[in-house]
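Take a look at this one chain, the form predicted on its own, written out in structure tokens.
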């Protein structure tokens, strides 16, 4: 028996004791790199199928704690910006009853239906080390516009997560979580344009962002560009935290 089969056997034997077999977590993890919004996906062993990272909820674990555990296992990061956005409970979402034979025993773990709770998360691309789990061969980033056919209803889950992210743009500066510590105004604008899927007026965008009073312009300019180097900015953490407490209104939608 190989290592994969041993882990699968152990997981299925402990499943009923340690996990809720009908409730799972699926996490849509967004990153931003090369002016593209990215999504982290897993490729399953022996199937070649792709999915969003997820897993079952432990019996003594809250939903949020389960999502944080999944995120840490796949990205290596803690304290990730995380939001629950929808529960997916269509009775046909898993396409029928599944029986998993527990290797080396006469037992099976039967799941005729399970509900998944969707979370979306924002991470800084450069800080992530994608990590496959023992059920997957690969864990890698995909452009949000080039996502392959995913298992079950995971394409719909990604679509709904992107919709939730777009709605959040009026409430919080997502660049705080997706961009490096320092960035230019054009890079920040490109982030919003990529998420929204539209072009934004440069002057109007800059006016709105500066009016929020959460950005600090640095004396340094970005080097290496062909045109006049733009100034670098960073988020003022104290002003950002105060603004989040008071509530924000961006007016992008």
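Residue numbers count along the first chain shown, from 1. Model, not experiment: these values are computed from the prediction.
We do not show the form predicted in complex with another copy of the chain, though everything after this point is about it.
Does residue 59 reach another copy of the chain in the predicted complex if we count a contact as any heavy atom within 4.5 Å? Contact check for residue 59: yes, within 4.5 Å of another copy of the chain in the predicted complex.
Contact label in the predicted complex: residue 229 to another copy of the chain, heavy atom within 4.5 Å: No, no contact at 4.5 Å.
So in the predicted complex, does residue 23 come within 4.5 Å of another copy of the chain, heavy atom to heavy atom? Residue-level check for residue 23: yes, a contact with another copy of the chain.
Partner proximity in the predicted complex: residue 63 to another copy of the chain, non-hydrogen atom cutoff 4.5 Å: Flag for residue 63 set to yes.
Where does another copy of the chain sit in the predicted complex: which of 179 to 187, 142 to 150, 80 to 88, 124 to 132, heavy atoms within 4.5 Å? Stretch with heavy atoms near the partner: 80 to 88.
Using a 4.5 Å heavy atom cut-off, which residue among 158, 174, 117, 71 comes into contact with another copy of the chain in the predicted complex? Checked against the cut-off, the match is 117.
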